[in-house]
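Quick heads-up: it's one chain on its own, the form predicted on its own, in structure tokens.
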């Protein structure tokens, strides 16, 4: 028996070792997949920074690597938000910049001379592999290795995450999603083990998340919600206390060290939930401690006192917090947080937030585009988490529920939904494969055993016939038949008992028929293949094109529109270094980074009044707009126009947001003045206010010379005002495809005094003074 047990132990050890090695290689392949699927943008186009915000991050990283960390913290950027400027070190989340700068420093220390731009381009693909591995660790803590590997493979390819992590997408989310998942993993690991070591690592991971992205408030609200859920449902334990309390204390202290957060870690309403749950969990911990050392009667009295004191403390804390935020018009909430809690808030009060396309609510097709078949697997994963329900599985259920709500408010937060959907889908697929493969294995064993039993029955019946034939003469001779022994009775009962045990196991393990299991596995494989094809298509076609370089396919082949870089290169080489460029805030970061010129507003959008001033200038007639820009010392105005090539994201399509934002600060700008019967038009039915505003003139100036009809391919109509001249602006540059147009402010005219009628006495005195002044005088007298 000992030898058999030792053999079984060795077999289990070998099986475990082989499983670990296989899991390691699978994870390595998943990391390679996550990195390589995001390289389509580099392969199809070139190694270039994408979108708008990444150009600011790239510019900051360049400054960091060139000047060092101390100059970075104290950097005052005078090329943005003229004439106000911006303190970069105190207004930026430094996690992405410090990460890329550290990677660049390590590579150069190893004599791998990569440029800063190359490191920035490939930072997102590298951290997508890290995010996939973090997803494996998190899902493994919830439902095991199989679910973890499946979830990691799904996250490596999910289009929602690819859209923010392709090569060149150098934005905060590139590292923040990894930090988010890893923080959740360490919280679950601490919850499962009760280890202070993992609790400390959890606080450090949360600190990295705070450094990386403003979405850290999602973590500091979701974890308190889970802790409160565990307390309410009677699942409190010392492990929960160790997982939660150090995170709040250490995490808040570390978060306050980040300059952009500072005292907001304890002064804003986004963080108050963690403090209230912190008090509640201490009250509950004290109750559980007293319960173990007091008698039942004394315990009731002590509980009454503790609960009363806890309620008093909570009330006092609530009063202090309410007093702190009472003076704020938003009660301590940021505009984006209020937009999440009340989806109509931004459109009513903060149009600058509502004007951003990624802040709009998603459509149903966008869910299928970004998470594809995972949307159908998530409900199955939620059900699997309840079989059985644990602290870890309840956390991921809470995670998916909250992320589904937030993604329904802002399309940008589909990025937060993607890891939760992958975790749930990984759990669902793992459980489904487990049931189907177990069913196939069990049914095949049944078939083999039934064949053996059938073969044994035929042998026993033949032998029984021969025995009866041989026994007949013996009976006639008077030989008495022997009774069956107890051993024979046991042997007869064994098949019946095995059948009953097998039926019980079959019911307990949910064993399905063989044919149904095989068909189900084939369908799941087909579903996975469809998911892979969709993800590769999304990575290659939908999310790899950089916004700085546009392409289109026609019958003549592939056409490349490089107008943006053409315009920024013209500004860099044909304007003075100190010249100021005005444009809508979308293009501020690119203008500063690529043209190296001072801008009035940019994508930081921290000063609504400044942006409203630019919007008012664009919405005003030419003379009034010239006066506004001249007061800001602007020399050039840049507009983006897509009417010739059909580029829909131009300034004409964004113009109503300029009107709304400008009208929010300057009441003389009214949106109805630019609408005809509630419709936004640029054709002959457009209002005079629209046809005379600066944006219309700068966009459509000389447009009729292109085709003779001035047909706008985006709006699919001929413009209303075709022939006009500019009096206060002059065109200095228009790109090859007319996508970017640059105008220069004309200098102010010399002041000429108006002619007035003079009397005869004034004329005679003027002529006498002229004669006296014409006489020669000694200059030394």
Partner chain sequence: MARTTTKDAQALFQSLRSAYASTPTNLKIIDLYVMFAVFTALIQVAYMAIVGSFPFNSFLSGLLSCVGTAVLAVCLRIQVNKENKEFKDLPPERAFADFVLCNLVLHLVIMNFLG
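Numbering follows the first chain given and starts at 1. Because the structure is a prediction, the values reported are computed rather than measured.
This next part talks about the form predicted in complex with the partner chain, which is not shown.
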Residue within 4.5 Å of the partner chain in the predicted bound form by heavy atom, from 536, 373, 250, 273, is 250
In this chain shown alone, the residue from 621, 85, 90, 246 with a heavy atom within 4.5 Å of the partner chain in the predicted bound form is 246
Is there any non-hydrogen atom of residue 193 lying within 4.5 Å of the partner chain in the predicted bound form? yes
Would residue 238 count as a contact of the partner chain in the predicted bound form, using a 4.5 angstroms cut-off between non-hydrogen atoms? yes
Find out whether any non-hydrogen atom of residue 263 is located within 4.5 angstroms of the partner chain in the predicted bound form, and reply yes or no. yes
Report whether the minimum heavy atom distance between residue 256 and the partner chain in the predicted bound form is within 4.5 Å. yes
Please determine, with the chain shown alone, which of 520 to 528, 75 to 83, 195 to 203, 401 to 409 has non-hydrogen atoms within 4.5 Å of the partner chain in the predicted bound form. 195 to 203
Within 592 to 607, which residues come within 4.5 Å of the partner chain in the predicted bound form, counting heavy atoms only? none
